[in-house]
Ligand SMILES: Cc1cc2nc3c(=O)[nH]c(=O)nc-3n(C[C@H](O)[C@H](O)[C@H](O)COP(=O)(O)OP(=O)(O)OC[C@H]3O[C@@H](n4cnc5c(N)ncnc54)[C@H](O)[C@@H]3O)c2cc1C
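Take a look at this single chain, the form predicted on its own, given in structure tokens.
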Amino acid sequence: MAVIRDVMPAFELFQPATVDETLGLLERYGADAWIMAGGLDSFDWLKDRIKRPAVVVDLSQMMDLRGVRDVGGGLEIGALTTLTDLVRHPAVQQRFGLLAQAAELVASPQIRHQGTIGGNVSQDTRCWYYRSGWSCYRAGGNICYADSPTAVNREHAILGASRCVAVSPSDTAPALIALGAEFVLRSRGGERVVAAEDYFVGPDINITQMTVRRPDELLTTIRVPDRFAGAQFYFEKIRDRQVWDFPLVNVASAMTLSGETIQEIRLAVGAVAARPLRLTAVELAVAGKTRNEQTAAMAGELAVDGAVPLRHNSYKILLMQNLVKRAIRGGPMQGEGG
């Protein structure tokens, strides 16, 4: 199917200044409304005319959802805080360097100046079949074009596939999962708080959505507890190009040590499944173990247990295995490949 690159489809534009105004619009228009934060994902969809919302709710005027606040040693991050502001914030740099590392590796400086943390965790998958308007499962059709004999699928899933093999493209999501963050969703009916790892859904739960956000809800705040403040962090992103590109695989870990013994760890990977994955089995296996090459090797093997490669992405298994080893060990060994 050819992509029609034309003027954007007509829509009604709203630019609310408060959360209450926004929630009223979302309640009124529901699934017909498109929420736009930094606009980087939104404009791609609209320019290609793949998404045709009746209403666009532009959040750029909502200053109360910007900024980072220190709360009891943890952080409250407004969903409209730009990635650049997040990277530069002293508390993020000093106590939660994992999030700063992840945010700084998103795309290019120009995109980070405009893109928001809420948009980065809520963006849609980048599967080119889906985004080019092909009638795949995720778009409401009855086929996955990326999982066919002639498909180009080197960037697709090796874990958690269920009809759809698209992956989550977010860099900040694994970091927030590793930090034990919570996402605050508000509607006219009230507020609900979900753990970062539960904000994302796989195709086995909902094949047309990437997150649990309902049409009448707005992601307002991300809360990062003080539990891993100042811990041992590791973040690594492998991509084809060193600027702008989305991850082929990324990994994030937050670890506390007693000497060389791993007391506690949270570990998450991205771009290997439709949702960023917390590796709970690996966490349990390495807790109480010495942080060494043997423990790292065991963790790497366990991490990729059950992985099922497609025709062109078997390299992701070894790549993920090595990234998990590095996250446990603290870096690559000399001569170790990606």
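A residue's number is simply how far along the shown sequence it sits, counting from 1. Every value quoted in this text rests on a predicted model; they were computed, and no experiment measured them.
The following text describes the form predicted in complex with the named molecule, which does not appear among the structures shown.
Practice item. Name the residue from Leu248, Leu105, Val201, Ala139 that puts a heavy atom within 4.5 Å of the named molecule in the model of the complex. Key: If I apply the 4.5 Å criterion carefully, the residue I get is Leu105.
Review point. Considering the named molecule in the model of the complex, which of Lys237, Arg95, His89, Arg223 comes within 4.5 Å of it through any heavy atom?
Key: By the 4.5 Å heavy-atom cutoff, the listed residue in contact is Lys237.
Point to revise | Partner-facing stretch of 202-210, 122-130, 140-148, 188-196, counted where any non-hydrogen atom is within 4.5 angstroms of the named molecule in the model of the complex | key: In short, 122-130.
Review point. Looking at the named molecule in the model of the complex, is some heavy atom of each of Gly160, Tyr315 and Leu318 within 4.5 Å of it?
Key: So, no: the whole triplet misses the named molecule.
**Study point:** Touches the named molecule in the model of the complex: Ala100 (any heavy atom, 4.5 Å)
**Key:** No, Ala100 sits far enough from the named molecule in the model of the complex that none of its heavy atoms falls within 4.5 Å.
Review point. Does at least one non-hydrogen atom of Leu219 fall within 4.5 angstroms of the named molecule in the model of the complex?
Key: Output for Leu219 is yes: heavy atoms within 4.5 Å of the named molecule.
Exercise for review: Using the partner position in the model of the complex, report whether Pro53 sits within 4.5 Å of the named molecule, counting heavy atoms only.
Suggested key: No, Pro53 is distant from the partner.
Review point. Looking in the model of the complex, any heavy atom of Ile177 within 4.5 Å of the named molecule?
Key: Taking the distances in the model of the complex, the answer for Ile177 is no, it never comes within 4.5 Å of the named molecule.
Point to revise | in the model of the complex: members of 60-84 within 4.5 Å of the named molecule, any heavy atom | key: Contacting residues: Ala79, Leu83.
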